[in-house]
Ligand code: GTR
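Here we start with a single chain on its own, the form predicted on its own, put down as C-alpha cells.
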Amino acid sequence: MALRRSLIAAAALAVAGAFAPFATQAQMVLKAVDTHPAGYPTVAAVEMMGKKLETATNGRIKLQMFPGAVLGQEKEAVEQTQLGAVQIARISLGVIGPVVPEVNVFNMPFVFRDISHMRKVIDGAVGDELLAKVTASPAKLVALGWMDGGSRSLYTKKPVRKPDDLKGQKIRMMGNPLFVDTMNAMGGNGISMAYGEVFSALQTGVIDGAENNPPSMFTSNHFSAGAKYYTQTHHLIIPEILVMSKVTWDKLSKEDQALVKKLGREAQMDQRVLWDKSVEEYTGKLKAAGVEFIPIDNKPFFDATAPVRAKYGAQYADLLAKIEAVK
C-alpha cells in the first residue's frame, strides 16, 4: 500500500512537472526603462500602468521598472527594445526622428500655440496619426502613447522681454542645428553644449543662459549659477513617446494587445497630472530661491522664428496645417 501511494505521488509530481513549463510561460514580466530618475512623472506613470496591468491580468503580466538610465542611455534603450530585451521604453523624439521623420514636426519653434494646444494635438487625430506611423515603420516599435515633456523657456543672467534683449547673449541649446538656428533667430547666439556642462559654463561666463522647463532648471541647480531670470517664451514644446518592443507585442494575444494599448493611453493622461504638479512645485521652489518669472508677449519671438519654420518645416506642410487647425 505504501509502495502504491509512493508510485501515485511520483506520478502526480511527474504530471505537475510536465505542466510546469506551461504555467511559467503564462507569466510575463515586462521590463520598462527610462533615463529619468525614480519618482519622475514619466517613471511614476509607467509604474501606475504596470500596477493596472497586473490587476487586470490577475498577476499574469507584471511590469518591472528600471529608471535612471540603469540599463543605458536612450540610444541603448531603443536598441534593447527593438531586440525585445526590454519591453517598454519612454524615449524622446530625437531617437525616433531618423526612422520616422514626420515626428520632427514637433521639434520646430512655436509649432504649438501653448501647452493646451499641444495636448489637444497629441490627444487627437494628429497624435494618433504619428503614433500609427511609428508602429508601421521599420523601427520594430509599437507606439503606445505620448508623454508630456513640458515647455522650454529661457533662463538668463539678465532679464529678457523682447528679441533685442537677447542680442550678444550666448544661450545653450540642445545639440541640433534646428535648435541653434531657433535661438539665433530669436536674437541670441545659440551654443550647442552637452547638458552636463551647462552649470560650470554658466558659473564661468562661457554662456549667459540656457533654456528648459522649471523642474529641469531647479534639479540641475542652474539657478544657483547665476541664471536668475526665467522668461516664459515657451519656444519649444516637445512631447515624448512611450513605445513597446514589437517582438514582445507580437507574442501578446489580441486581448492583451488591446489592454496594453488602453493602459498606454491612460498612462499618457496620468503622466500629465503628475507633470503639472511637478511644474507647480518646482516653479514655487525657483521663486523661493529668488528666480524672477517674466511673462511676455510671444508674438515678436514667434515672428522672428518664421524663417526657421519655413526652412525645416517645408516637408511637413500638411502636418503643420493640421496642427494649426486644431482649436
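In this text, all values refer to a predicted model and were calculated from it rather than measured experimentally. Numbering starts at 1 and follows the sequence shown. Think of the rigid core as the biggest set of C-alphas that the two forms share within 1.5 Å after superposition.
The same protein also has a form predicted in complex with the ligand, omitted here; what follows describes it.
With a 4.5 Å cutoff on heavy atoms, residue 234 does not count as touching the ligand in the model of the complex; it lies far away. Although the partner is absent here, residue 104 is not a contact residue: none of its heavy atoms lies within 4.5 angstroms of the ligand in the model of the complex. Using a 4.5 Å cutoff between non-hydrogen atoms, residue 91 counts as a contact of the ligand in the model of the complex. The ligand in the model of the complex is approached by residue 174, whose closest heavy atom lies within 4.5 angstroms of it.
Among the residues 203, 216, 137, 184, the one placing a heavy atom within 4.5 Å of the ligand in the model of the complex is 216.
Distance criterion of 4.5 Å from any heavy atom to the ligand in the model of the complex singles out 36 from the list 287, 62, 262, 36. Listed stretches are 137 to 145, 184 to 192, 166 to 174, 243 to 251; the contact stretch with the ligand in the model of the complex is 166 to 174, by a heavy atom cutoff of 4.5 Å. Contacts to the ligand in the model of the complex (heavy atom within 4.5 Å) from stretch 53 to 79: 74 only.
In a rigid-core overlay of the protein, residue 248 has its C-alpha displaced by under 2 Å between this form and the one not shown.
After superposition on the rigid core, the Cα atom of residue 210 is displaced by 2 Å or more between this form and the one not shown.
The rigid-core alignment places the CA of residue 104 less than 2 Å apart between this form and the one not shown.
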